[in-house]
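Just the one chain here, the form predicted alone, laid out as structure tokens.
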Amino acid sequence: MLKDFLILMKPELVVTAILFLLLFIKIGKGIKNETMLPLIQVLLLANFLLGFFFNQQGVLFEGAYSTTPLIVFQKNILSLGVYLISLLCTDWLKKSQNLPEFFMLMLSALLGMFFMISSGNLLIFFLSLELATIPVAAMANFDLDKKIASEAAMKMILSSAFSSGILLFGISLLYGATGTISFSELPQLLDGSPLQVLAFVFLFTAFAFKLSIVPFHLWTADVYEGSPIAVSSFLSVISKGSVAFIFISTLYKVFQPMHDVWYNMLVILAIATMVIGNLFAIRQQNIKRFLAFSSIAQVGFILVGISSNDHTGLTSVVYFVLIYVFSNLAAFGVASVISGQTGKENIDDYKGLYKTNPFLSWVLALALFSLAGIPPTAGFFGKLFLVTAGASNGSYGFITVVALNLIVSLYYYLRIIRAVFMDKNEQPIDKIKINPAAKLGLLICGAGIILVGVLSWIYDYINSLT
């Protein structure tokens, strides 16, 4: 029994062990950031690599916790993202006066996401979602000397509290209508009654807040802009990825009997999310706000894949999130390197970047090409599989709107690439000396953007897990 417990909960136990180690380091003799940061990066790399060994499928605590090969792979994706963030944001992290606390908060949020993905009932899901959210609000306010950071943290706290209240109300209504909160028992008790539909709408709304689905996205851009880039990238990639994983699992397995209800909701909200995300991304000048609305539009495409309600949809969403980790973190990584050494975050500052910083320019171009879905980057294959999955229902009008939004997104991604490679700047950004750790992170992201699309066995492997 103990052996099963240790193996099944290995991802959570490893993260907890790293958390305690950081706590002991903090309360012990002080270690300089230059020494501590490489140690933390090695620990995060070890956490990612251990995710591929000693895995086992099973359940614990009478079904409250479950794990499968697919769930393990999803956790590995999140662990990879956290490791890359630690590399890409090296400049900012080294300057932080509270480096151990930052990673303790980040790993606490990651631990909550792990439990959330493995949750077997609504109570564990809610508690783990709160564990994944509250530390991030503290991380958003980590630049204590900046007023905009405090405003970002406050906006995130209020929006999270509001969404948590909606989620709790939906859970209580669902429990009152069915008499259970177990994911394994709920499908047999759902009959589409008005009370159950109302409960589901509340639950769906809570997910929409966490995923920044329109019209529940209003907190996103302000929080991204006010937070340090390390936190913005964590919110954009790790947080959204984890919620997308549990969202599609909940819809497909728990609320499958209510497919007609949530399919129509997905179609409407996917269109609204893509359109609003694209239109607002066009007019942004701050790189973090731009990436915020870009991520909102990307969520719209994820909803397209989820709408398929079949095996293909699940595979395409997991595959796309993997690609999204490399693509979005590459873009945030370039922004972090530039902001960390120059303090510049406006898109106009990026004009003429190629003349002085060709490496950063090519990585940024590769990331934006992937986010736009331009071949041969992995983003092209990711969006192709999402749209193909969404088209399986035969809703060709819906897919036409999706295709039009793909064309619109090309404009604002290529606008930045034009500024970097073609536009002139009287005061271009000087030659930046890139930290070796950050450069390694950028190289990993660049390689991932190419290889995940070219190596077809990666998609086949994910398909075999689903």
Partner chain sequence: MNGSTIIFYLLAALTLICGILSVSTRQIFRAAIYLLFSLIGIAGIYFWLDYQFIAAVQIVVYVGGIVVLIIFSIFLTQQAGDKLSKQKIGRKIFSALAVFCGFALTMLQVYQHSFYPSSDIHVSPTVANIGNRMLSVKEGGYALPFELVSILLLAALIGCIVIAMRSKPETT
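Every value quoted in this text rests on a predicted model; they were computed, and no experiment measured them. Residue numbers count along the first chain shown, from 1.
Only in words, not in the display: the form predicted together with the partner chain, which the text now covers.
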*Would Val452 count as touching the partner chain in the predicted bound form under a 4.5 Å heavy atom rule?*
no
*Look up in the predicted bound form whether Gly343 has a non-hydrogen atom within 4.5 angstroms of the partner chain, and give yes or no.*
no
*Is Gly176 one of the residues lying within 4.5 Å of the partner chain in the predicted bound form, judged by heavy atom distances?*
yes
*asked:* How about Phe24 - does it come within 4.5 Å of the partner chain in the predicted bound form, if we only consider non-hydrogen atoms?
replied: no
*Among the candidates Val82, Leu269, Leu131, Ala365, the residue which, in the predicted bound form, approaches the partner chain to within 4.5 Å (heavy atoms)*: Leu131
*Consider the chain as shown here, without its partner, and state which of Asn98, Ser395, Ser184, Thr388 has a heavy atom within 4.5 Å of the partner chain in the predicted bound form.*
Asn98
*In terms of non-hydrogen atoms within 4.5 angstroms, which of the given stretches 273-281, 131-139, 348-356, 85-93 touches the partner chain in the predicted bound form?*
131-139
*Go through 305-319 residue by residue and record those having a heavy atom within 4.5 Å of the partner chain in the predicted bound form; state none if no residue qualifies.*
none
